[in-house]
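Here you get one chain, nothing else, as structure tokens; it is the form predicted on its own.
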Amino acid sequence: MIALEDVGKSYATRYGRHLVFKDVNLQIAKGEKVGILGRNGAGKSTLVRIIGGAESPTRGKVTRNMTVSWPLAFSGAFQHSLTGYDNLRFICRVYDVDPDEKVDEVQAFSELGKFLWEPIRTYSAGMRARLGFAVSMAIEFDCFLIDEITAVGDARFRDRCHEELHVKRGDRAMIMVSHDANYVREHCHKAGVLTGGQLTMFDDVDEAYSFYMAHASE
């Protein structure tokens, strides 16, 4: 179980504090798939980072009784002066996984070839995203965070991502941020809408999407 209790997030700006959201209450059970909808800037990615522990809430409590991934395809935590391989080794050691057992599958899935041994600063955005997803699949989690993963790579790569994530790991909990209503409908048990600094949850995904469209301009 992952539980958020009265979670809020705000940032200090030169004009005062900017409220991202407040009083977010959410529970994700083992194997449950939850979609998060909201316009750009509503705080979806911030909420996902808080759930994963990459960012702290300003107030409230987050309880994690499951292991949680970083957002899939996220490459912001990579050390860009190091090679892709060196970053893989570091991440594997953090999670107590033997990197030598993972390097072949990461190289094959990311399709980086010899560039796995080149500094990440030489990578294109797509190469970084492919490596980020491949490394995510090298570590097994109880819950996967998915932030607009459908935008990564070409159609063939997205099909491979679907196979790895939704077929091979279909029993895991997932929290999905996406503007693609069909993607959320296909994969989620329930969905929430972030708008006006509030998260409104719905047991029916179609109801959530209708609410999202009605409040999209807020």
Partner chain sequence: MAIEGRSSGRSLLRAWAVQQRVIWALVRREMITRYGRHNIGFLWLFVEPMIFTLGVTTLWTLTKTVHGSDLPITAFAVTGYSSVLVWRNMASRLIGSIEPNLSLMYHRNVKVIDIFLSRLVLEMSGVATSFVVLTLFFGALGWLSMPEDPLKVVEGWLMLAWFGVSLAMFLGGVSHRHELIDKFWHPCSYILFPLSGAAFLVDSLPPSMQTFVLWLPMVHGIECVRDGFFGSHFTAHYDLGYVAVVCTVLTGLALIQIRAVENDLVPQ
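Bear in mind that the values here come from a model prediction, so they are computed numbers and not experimental data. Positions refer to the first chain, counted from 1.
The discussion below concerns the form predicted together with its partner chain, not included here.
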**Fill in**
Among C188, A173, V177, V68, just one has a heavy atom within 4.5 Å of its partner chain in the predicted bound form, namely V68
**Item:** Residue contact check: R49 to its partner chain in the predicted bound form, 4.5 Å heavy atom
**Value:** yes
**Prompt:** Taking heavy atoms only, is K102 within 4.5 angstroms of its partner chain in the predicted bound form?
**Reply:** no
**Request:** Report whether the minimum heavy atom distance between Y11 and its partner chain in the predicted bound form is within 4.5 Å.
**Result:** yes
**Request:** Please check if I91 has a heavy atom lying within 4.5 Å of any heavy atom of its partner chain in the predicted bound form.
**Result:** yes
**Partner-proximal stretch of 177 to 185, 162 to 170, 31 to 39, 56 to 64 relative to its partner chain in the predicted bound form, 4.5 angstroms, heavy atom** = 56 to 64
